[in-house]
Structure formats: C-alpha cells, structure tokens
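Shown next as structure tokens: one chain only, the form predicted alone.
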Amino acid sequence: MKLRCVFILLIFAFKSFLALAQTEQKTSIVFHPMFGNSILTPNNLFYSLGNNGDSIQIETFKFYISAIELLKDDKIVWKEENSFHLINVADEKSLTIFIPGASNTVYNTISFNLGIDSLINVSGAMGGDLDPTKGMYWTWQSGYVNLKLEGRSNLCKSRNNEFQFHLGGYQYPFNTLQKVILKVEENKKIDIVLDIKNFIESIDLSQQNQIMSPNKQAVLLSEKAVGIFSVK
C-alpha cells in the first residue's frame, strides 16, 4: 500500500513538473508603455512636452494587434490563428501575450497588424477582445477602432483641454490598418516598448485635438503610430 502511494505521488509530481516546464517554455510578448524616459501610466500624472512648460495627461491608451507572425530571414515560421488582442495600458494583464507552440521556433523577426483587418470588420461585432463592450467598436459601417488615445493638454483649445484620437476605418480610401515589423533576438520573451512621446509631439494639439471617424487624418496618424513600437 505504501509503495502504491509513493508511486502515485511520483506520477503526480512528474505531471506537475511537465506542466511547469511547458508553462516556462511559452514564448511571451510583453509591452512596456513609455513616454520618453518615463513609464506611461493612465492616471493624473502629467508628462512634459518640450521646454516650453507644455504638458500632457494620458487618460486612455488602447489598441488592437492582430495577425501575429514570427519570421526567420523573411520566411514565416510560426503564425497565431484567430490572432486578436486588445492592449490596454490601464490593464496590466493585457500587456503580456503568451503564444504557446512557438517555444521551439527559431526566429529573428516579429510582425503584426496594428488594428483589425477588413474581413473581421465586415463580420460585425464579435466576442472576446473584439466584444463591443470593450469600447472599441463604432458600427457595422465604420467597424472597429484600431487605436484610441485620450487625455488632456494645455495646448488643446478644446473643452477642458481634452483631446480624443479614435483611429479606425477599413474601407478605401480610409483603411487605417498598419503592418508593424520588428527585428528581435531569439528569446522566450519579446519585449516591445510603446513610446508615444514622439507620436504626440508630431501632432499640433493646438490645431488638431479630435478624430472620431474614418478620414484622411486618421490614416495619416495611423501611419505615424507604427513608430511607437520598438524592441527593448
């Protein structure tokens, strides 16, 4: 009887070890929100803009990434199926994406879309991270908001100095979907910095402080938004 108990315990311990090993082998992508040299936190913290005493407060920063692929010398070696993730700076859990099945893959590049493609947009509202309750869906005509950035700045001449940039659109000529390609070192963890300082400073907030529908400016800002991503 004692030998049987020991045997059962050994089996249980071995299974636990395998489960732990499999967990540790999962490749992960971790996003690090920054504003220049400062960690970006959506709260009451104001960040400095330039040397003129201008400042900015970030209240909301959310965006979709989709179609994650790992490549080796421009050849796709792994791709995620049903790949849609809502990254919300206010939700720490959303900043880490585990991609099981890629741990034994040799790669030196990661690519993903910033936003949701036209096929999903024409499918209507969906569940999970694509659920309309996440606050990232307009209507079936306009589709999903690919990136949402909201806050306040003394540069804005709007009510309460607010700015709202809701960048989306999937129909020509206002397709805002962007491809992001980053060189990485082969690792179990891919650290991606999200630095929005240069992006914000490229916008004249005294003249432009709101985009709430698909249009030409949404496309232009979406193209600039690709520059917020870099490998740590």
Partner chain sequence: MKKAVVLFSIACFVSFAFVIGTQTLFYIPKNWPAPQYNFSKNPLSEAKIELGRKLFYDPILSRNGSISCASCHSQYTAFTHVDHALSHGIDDRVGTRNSPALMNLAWHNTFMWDGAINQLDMQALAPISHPDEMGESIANVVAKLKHSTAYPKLFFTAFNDSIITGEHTLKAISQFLLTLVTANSKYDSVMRKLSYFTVQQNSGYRLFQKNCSSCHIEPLFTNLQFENNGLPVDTTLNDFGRMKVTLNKNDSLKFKVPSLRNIEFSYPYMHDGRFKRLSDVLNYYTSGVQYSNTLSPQLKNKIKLTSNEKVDIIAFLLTLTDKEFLFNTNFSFPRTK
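Because the structure is a prediction, the values reported are computed rather than measured. Numbering follows the first chain given and starts at 1.
Separately, the form predicted in complex with its partner chain exists; it is not shown, and the next lines address it.
| Does the trio 84, 101 and 113 actually contact its partner chain in the predicted bound form, every residue with a heavy atom within 4.5 Å? | So, no: the whole triplet misses its partner chain.
| field | Answer range among 103-111, 156-164, 131-139, 67-75 for contact with its partner chain, defined in the predicted bound form as heavy atoms within 4.5 Å | value | Partner-contacting stretch among the options: 131-139.
| message | If we define contact as a non-hydrogen atom of the residue within 4.5 angstroms of the partner, is residue 125 a contact of its partner chain in the predicted bound form? | response | Yes, residue 125 lies within 4.5 Å of its partner chain in the predicted bound form.
| task | Report yes if any heavy atom of residue 170 sits within 4.5 Å of a heavy atom of its partner chain in the predicted bound form; otherwise report no. | result | Yes, residue 170 lies within 4.5 Å of its partner chain in the predicted bound form.
| message | Taking its partner chain as it sits in the predicted bound form, is residue 210 near enough to touch it, meaning that at least one heavy atom pair lies within 4.5 angstroms? | response | Because no heavy atom of residue 210 falls inside 4.5 Å of its partner chain in the predicted bound form, the answer is no.
| Using 4.5 Å between non-hydrogen atoms, is residue 46 touching its partner chain in the predicted bound form? | It does not: once its partner chain is placed as it appears in the predicted bound form, residue 46 has no heavy atom within 4.5 Å of it.
| Within 4.5 Å of its partner chain in the predicted bound form: residues from 191-230 (heavy atom criterion) | In sequence order, 214, 215 come within 4.5 Å of the partner.
| Would one find the Cα atoms of residue 211 and residue 140 closer or farther in the predicted bound form than in this form, where their distance changes by 3 Å or more? | So the answer is closer.
| query | Do residue 140 and residue 130 have their C-alpha atoms closer or farther apart in the predicted bound form than here, with the shift being 3 angstroms or more? | reply | They are farther apart; the C-alpha distance rises by 3 Å or more in the predicted bound form.
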